[in-house]
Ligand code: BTN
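Encoded as structure tokens, the following chain is the form predicted alone, with no partner shown.
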């Protein structure tokens, strides 16, 4: 643990009581000047820390930011989220994740308060204002490249389950959207870097409209989107929510790597908003329409066309019609 993180931990343990600079200096084995510099760095990060001569330092307020120290506190994972890169503002967490993937361990998370060029599927933009949850995970699974699409389903189940535990009717629209009351609240983007038969890394990006005002969104987006604040009538604890998703994702991801994709599919079907609906699937130049009747063992959507024939789709844009 770095000195700055240790200072923060000590201030939290004291529950608002003053802690002397001398105590911090002796405990951490650093100079009083370095203690002061670390306190300044914490303040720059949004922590409200009071200092009083002869009494020391007291933590008064924790910022509403997805800071690594806050997310990691009580995080019950073995590897997901153990390394976190945090940005107030960034072009895209997925872009940054690709830059960091080679030199960082599996489970590294890149998280931002705001994205300037958030990414959706098919190159679409994703409006990512402050108050939302925007993060990407670096994964290095030993799986064939043609199995990577399954990780979208793994992530979708993790997010849907955690949101459902907030009392929300979170449903998964194939292949990568989470809906509440038929409106999108979360998108998942899975990208990979692979050779012919080897996956170098996978980036799973998650974007959740958490504590955002819908009138901040572009008009056309606002009609199709909701937020957790809108649905619950209150703000959500974003730190707890991120922590919960990372924990749930690691649990399902670990099961997936051990060969248990069946249980993921079962959970996916339970949360599906697509199965049983009439759909139009657009995949490149190919378009099909029919009833979504299920999802197969590989995560492909099974669509029964009007003439009774059955088609399967592994990717594409799905429209409920």
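As the structure is a computational prediction, the values presented were derived from the model and not from experiment. Numbering follows the first chain given and starts at 1.
Keep in mind the form predicted in complex with the named molecule is missing from the figure; the text below concerns it.
- Segments offered: 243-251, 162-170, 200-208, 78-86. Contacting the named molecule in the predicted bound form at heavy atom distances within 4.5 Å is 200-208.
- Although the partner is absent from this view, residue 106 stays clear of the named molecule in the predicted bound form, with no non-hydrogen atom inside 4.5 angstroms.
- Within 4.5 Å of any heavy atom of the named molecule in the predicted bound form lies no heavy atom of residue 174.
- Although the partner is absent here, residue 132 lies well away from the named molecule in the predicted bound form, with no heavy atom inside 4.5 Å.
- Interface residue remark: residue 92 is counted as part of the site for the named molecule in the predicted bound form, having a heavy atom within 4.5 Å.
- Note on contacts: among 179, 139, 188, 153, the single residue with a heavy atom within 4.5 Å of the named molecule in the predicted bound form is 188.
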